[in-house]
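Just the one chain here, the form predicted on its own, laid out as structure tokens.
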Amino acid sequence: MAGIEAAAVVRYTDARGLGEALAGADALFVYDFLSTAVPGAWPAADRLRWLHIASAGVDPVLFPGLRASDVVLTNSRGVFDDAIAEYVLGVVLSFAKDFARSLDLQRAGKWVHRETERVAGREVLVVGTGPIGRSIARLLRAAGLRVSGAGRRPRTGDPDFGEVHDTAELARHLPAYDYVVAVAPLTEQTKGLFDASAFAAMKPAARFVNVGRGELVVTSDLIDALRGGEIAGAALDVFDTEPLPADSPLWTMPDVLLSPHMSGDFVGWRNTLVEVFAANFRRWVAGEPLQNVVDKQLGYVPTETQGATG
């Protein structure tokens, strides 16, 4: 960030010193995108005009004070799209080809022949039609799966999803799908979207994949659905409590794949996040429109939004 330092006074701080560092600051780069320190330090933001968060999700900083302010909010949309899509394809293949059980049998020294599933022709519903959802749809289509979407605006003829269902009517569409992938932003409308009624609506052979936010899911309902055979499996990269508690039943449940919030974390991702902020900072200093401006009422970057000046 040498170029940025030449153009401005840069203060580095951790959560404890955020209030002091915010006083007199014009811009804030929230590099620790899981931090919840910003709301508590907000009273010190006496001249802040722009806040950038190093993630696609903005829920950690989207509190009432920020919503009501004139501060422009931007995110790091675009950094994780392809990496998360690769993760989703990986877990779909893992379920279909029974890789987890093959590894268990290998470690046990057992030769057990089985038949596995094809992925070609399987139906997938991607809940969340932003850039990450689109990358997932394109990659799964390339592997031969048939993909639809669910979002805020239902439509047909979408270039990546074909048909997009209304998320408000999700339960009506869930029975048709073999895989359901959650990647929607966390908003008041999507919090707890996948609850007991949603899992009951899925095929008993369906697998659920969550690469969005843990709070999209009512975890106790998911555990009950897995135990009761209402769905066949789950791949979970995000959780409503992180790290996942050691006593969670999810750790040892069969046909459950867990990863510690890393589906988008490719080698070099941290540098890429800084580069995204640096590029936006140069636009801000030059008075040019910022990239990835979040609609603070919706909680994400609308497709039609091109930018805003700080």
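Since the model is a prediction, treat every value here as computed from it, not as a measurement. Residue positions are given as counts along the sequence shown, with the first one as 1.
One more form of this protein, predicted in complex with another copy of the chain, exists but is not displayed; see below.
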Report the residue, out of Ala44, Met262, Ala278, Val285, that has at least one non-hydrogen atom within 4.5 angstroms of another copy of the chain in the model of the complex.
Met262
Between Glu123, Asp224, Glu117, Asp166, only one gets a heavy atom within 4.5 angstroms of another copy of the chain in the model of the complex; which residue is that?
Glu117
Honest question, do Ala100, Leu103 and Val112 all end up within 4.5 Å of another copy of the chain in the model of the complex by heavy atom distance?
yes
With another copy of the chain left out here, work out from 67-75, 211-219, 234-242, 126-134 which stretch has heavy atoms within 4.5 Å of it in the model of the complex.
234-242
At the 4.5 Å heavy atom threshold, is Gly90 in contact with another copy of the chain in the model of the complex?
yes
is_contact(Phe266, another copy of the chain) in the model of the complex, heavy atom dist at most 4.5 Å
yes
Contact between Leu258 and another copy of the chain in the model of the complex at 4.5 Å, heavy atoms?
yes
Taking heavy atoms only, is Ala143 within 4.5 angstroms of another copy of the chain in the model of the complex?
yes
